[in-house]
Ligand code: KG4
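Let's start with one chain on its own, the form predicted on its own, as C-alpha cells.
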Amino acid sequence: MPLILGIETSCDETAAAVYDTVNKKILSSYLFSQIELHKIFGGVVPEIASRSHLEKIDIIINQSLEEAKIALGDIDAVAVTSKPGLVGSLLIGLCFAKGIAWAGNKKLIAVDHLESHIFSAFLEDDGSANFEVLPFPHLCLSVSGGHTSFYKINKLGDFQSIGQTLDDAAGEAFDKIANLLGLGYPGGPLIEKLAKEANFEDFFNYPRGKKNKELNVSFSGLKTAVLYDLVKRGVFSLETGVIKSALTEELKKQVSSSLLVCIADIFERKLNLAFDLYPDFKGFSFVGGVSCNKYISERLKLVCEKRGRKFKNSPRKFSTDNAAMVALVGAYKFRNKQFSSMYLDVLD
C-alpha cells in the first residue's frame, strides 16, 4: 500500500499529510497557521515565517504520522512543495523532506504549489479523492493572497496558464484594503462579514478594469481607487498615512460590500469570457484561499449553471495552503515515476 507523506511550507502554514494511494484517501492532515504571528504586521513577514516553520515542522509531521497510525518507515515517498513561495520557508520543508527521503531510502517528489491547488478540487470533505468529479478539459481559477491565475486543465498533470493577475492578487487586494479600513489580517473573511451585513450592495461602483478579450486581471487600480475614495471623503490622509475618525462602522461596511461585489463582478465577467474563448471547457473549478468566500463562489457557480458547465470548488479545509493537496499531487507523480534527485533545490 504506497503511502505518500506531503509537506507544505511555502508561506505561513506549516503542514503535513499522509495519502493512501490504494484507497485514494487522505489518512491525516495537520496544519499550523501563523496568522497570529503576522497579524500585528498586517501581512506575512518572511523571517518570522521561516523561524516558525523550523519550530513546528517536526511536531506537525509527527502528529500527521500518529493520526495516520503509521511510522515514518512505512511511507514510500515524500512529496514537498519546492516552488513558488518564500524562499526561506520553502527551504525548511525541502530540507526536512530530503532528510527523511535520504535517511529512509524513500523517493523524493517535488511539487509545484500552484499545481497542488489545482489538484485540491479533486478532494472531498472526507479526504477522499475523486478524479471523476470534473470532466476534461476544464477551467481552473486559483485565487489566494499570493496568486490569481486561470488555467486550462487538459488532464491530470497537464495544465497551462491562460490568464493571471498583472499586479496584485485578489487576496492581496483584500488584505491591503482591510488594512486601510483598520480591520486586521487576513482581510478576506473580515471584508466578507461586513459586506454581508451591508447585504452585498454596491455603494461606490469601483472600477472593474477594461473590457477586453484577455483573461488577465488587475487589482492594483482597484486598490488605488478605494484609497483615493477614502482620501476624498476625508477619511484617510496621504501625508500622514493615518486613518481619521470619520471612518464609521457604516462606511466600513459600505466599502467592504462595494469591494467584494466589484471583485466578484470581475471574476464573473472573466469566467463568461473564458467559456466564450474556450467553448470546449466542460467544467470549472474554483480553488485557493479566496474560494472560501461564499459570495464569490455562489456567483461563479451560478454562471456555470447558466452556461451548462460543471462547477466544483475545493473543500474549505483544503482551500488554504495545506499538505493534503501536496500529497495528492505526490501520489500522481509517484504513479508516473516522476521522482526528484537529492540535488533538488527550491524554485527548480
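Just count from 1 along the sequence shown to find any residue number. Note that this is a predicted model, so its numbers are computed, not measured.
Just so it is clear, the following notes concern the form predicted together with this ligand, a form of the same protein that is not shown.
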Practice task
Taking 4.5 Å between heavy atoms as the contact cutoff, choose which of 223, 107, 113, 152 touches this ligand in the predicted complex.
Solution key: 113
Fill in the blank from the handout: Partner-free chain; cross-checking this ligand in the predicted complex, the single residue of 61, 26, 290, 49 with a heavy atom within 4.5 Å is 290
Practice task
Would you point out which of 96-104, 246-254, 195-203, 180-188 contains residues with a non-hydrogen atom within 4.5 Å of this ligand in the predicted complex?
Solution key: 180-188
Handout entry: Contact of residue 172 with this ligand in the predicted complex (heavy atom, 4.5 Å)
Key = yes
Exercise for the section: Decide whether residue 144 counts as a contact residue for this ligand in the predicted complex under a heavy atom distance cut-off of 4.5 Å. Expected result: yes
Exercise for the section: Find out whether any non-hydrogen atom of residue 320 is located within 4.5 angstroms of this ligand in the predicted complex, and reply yes or no. Expected result: yes
